[in-house]
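This document opens with one chain alone, in structure tokens, the form predicted on its own.
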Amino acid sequence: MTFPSDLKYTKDHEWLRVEGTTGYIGITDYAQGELGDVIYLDLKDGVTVNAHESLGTIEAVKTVSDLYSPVSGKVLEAHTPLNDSPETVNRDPYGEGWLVKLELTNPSEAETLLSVEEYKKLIGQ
């Protein structure tokens, strides 16, 4: 399992990569392994969310899980290429498997998220 050190993490196993005032959100390598093969995504687009609100759902062979926004903002883009190849989330959760691009309304919220070390401790790594 990999955990890039330049990302922020949540206790719900989402990650956030901040680029200026834009954030990319996905699920961690740990989360995709626990879910199993991802078969369907239902992601919100164009909506404004507060931190910890739902961005949609991820359906895998084992279960359906909610995806929560780690920060507040406006969804600029749901990663629609994943509609045709949801398995990309399993293959490349930190790269082409990103789920949502968000315009951050309060960038300082990212500082409240877990560091890679804190996230590894959370999952027992």
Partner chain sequence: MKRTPFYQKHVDLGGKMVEFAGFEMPVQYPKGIIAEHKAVREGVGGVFDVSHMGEFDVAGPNALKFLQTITTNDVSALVPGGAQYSSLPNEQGTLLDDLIVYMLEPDHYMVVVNGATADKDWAWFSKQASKFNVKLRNDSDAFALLAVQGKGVKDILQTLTSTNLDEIEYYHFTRGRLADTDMIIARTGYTGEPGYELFFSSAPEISSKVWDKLFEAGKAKGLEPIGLGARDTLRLEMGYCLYGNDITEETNPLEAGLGWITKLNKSIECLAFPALREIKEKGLSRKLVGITTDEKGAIMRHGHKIVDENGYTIGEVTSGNLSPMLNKSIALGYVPTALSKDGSEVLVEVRPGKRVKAVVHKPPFVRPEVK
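Residue numbers count along the first chain shown, from 1. Since we're looking at a predicted model, the values are computed, not measured.
Missing here is the form predicted in complex with its partner chain; even so, the following discussion is about that form.
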Original post:
Does its partner chain get within 4.5 angstroms of any non-hydrogen atom of E59 in the predicted bound form?
Top reply: yes
Subject >> Interface membership of G95, its partner chain in the predicted bound form, 4.5 Å heavy atom rule >> reply: no
Original post:
Is G33 close to its partner chain in the predicted bound form, meaning a heavy atom pair under 4.5 Å apart or at it?
Top reply: yes
**OP:** Could you confirm whether I39 comes within 4.5 Å of its partner chain in the predicted bound form, counting heavy atoms only?
**Re:** yes
